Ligand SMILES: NC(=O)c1ccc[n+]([C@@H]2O[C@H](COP(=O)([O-])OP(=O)(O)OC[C@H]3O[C@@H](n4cnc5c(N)ncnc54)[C@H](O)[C@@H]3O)[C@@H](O)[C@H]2O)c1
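Shown here is one chain on its own, the form predicted alone, set out as structure tokens.
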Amino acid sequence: MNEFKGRVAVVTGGASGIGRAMAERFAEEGMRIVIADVEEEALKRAEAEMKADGAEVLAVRCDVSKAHDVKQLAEITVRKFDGVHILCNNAGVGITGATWEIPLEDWEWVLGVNLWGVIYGIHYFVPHMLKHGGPCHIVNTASMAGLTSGGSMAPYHVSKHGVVTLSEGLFHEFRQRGSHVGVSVLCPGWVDTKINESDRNRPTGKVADDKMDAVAKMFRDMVGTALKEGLRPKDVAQMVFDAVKNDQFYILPHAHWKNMIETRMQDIIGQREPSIVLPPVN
């Protein structure tokens, strides 16, 4: 995409973190913004602050794990702005614990937000993108956890691997059909967001410490520290904007993490046991 002014961008998980930063970056280009989030107070605050900065913003409460909510988000967007040009399927949550101990309800929650949220976004927004015929772009937020594997966060890894392969398949489908819709998949490492606290939105409430084993607690604390020392969301948002502008598919903000991807690929090709490779601190 080369023209942004006056076009419409929809960002889920848009009230904070990477989503908020992406919404603000697109607004800087004169785009009309729809931010969607499950946290109503944070959503209202983001809308007010962005409007105070001169952006044209519409805030819509949306639980992306629910098909009805995403369908409604698409309908509201098209009714208000008569189209959509950029869709950022960005909302995400995580949980830690041993795979066999994580409650099935938590598996459903993480997969519902991280994977089904992207599926619903594609299902309900792509027809509108194809209909109006102009250049459009989809950015799906995955993670380095979608290109590597590790312990203590199985639902998160499973969901993010799903987002990567879904995005790759979508890319091929659009190319095979000569479509004007571009695709990018964002795979960040540590970014200074509150995803480590995403159980604040867990349907059954925050996870109590006594419900986690020592390894899971240690991993959660390590992730929390690493996130605080990670990239700024606004720096990731700039990389996303550049990728949309240049029609770049893979967005890897943490280039020094690539050895983790390479090690995993070598293990697969060599039919070896999976290596334990700890991610860099930042």
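Throughout, we count residues from 1 along the sequence that is shown. Computed from a predicted structure; not experimentally measured.
Form predicted together with the ligand: not shown, discussed below.
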(message) Using a 4.5 angstroms cut-off on non-hydrogen atoms, would Val158 count as touching the ligand in the model of the complex?
(response) no
(request) Tell me, yes or no, whether Arg200 is in contact with the ligand in the model of the complex, where a contact means a heavy atom of each within 4.5 Å. (result) yes
(request) Check whether Ser184 has any heavy atom within 4.5 Å of a heavy atom of the ligand in the model of the complex, and answer yes or no. (result) no
(message) Against the ligand in the model of the complex, would Trp190 count as a contact residue? Criterion: heavy atoms within 4.5 Å.
(response) yes
(message) If the criterion is a non-hydrogen atom within 4.5 angstroms, does every one of Val64, Gly92 and Leu227 touch the ligand in the model of the complex?
(response) yes
(request) Could you tell me which of 34 to 42, 48 to 56, 210 to 218, 243 to 251 sits within 4.5 Å of the ligand in the model of the complex, going by non-hydrogen atoms? (result) 34 to 42
(request) Let me know the one among Ser167, Ser152, Ser143, Thr77 whose heavy atoms come within 4.5 Å of the ligand in the model of the complex, would you? (result) Ser143
(request) Could you check which residue among Lys194, Lys71, His172, His180 gets a heavy atom within 4.5 Å of the ligand in the model of the complex? (result) Lys194
(request) Sequence order please: the residues of 1 to 29 with a heavy atom within 4.5 Å of the ligand in the model of the complex. (result) Gly13, Ala15, Ser16, Gly17, Ile18, Gly19
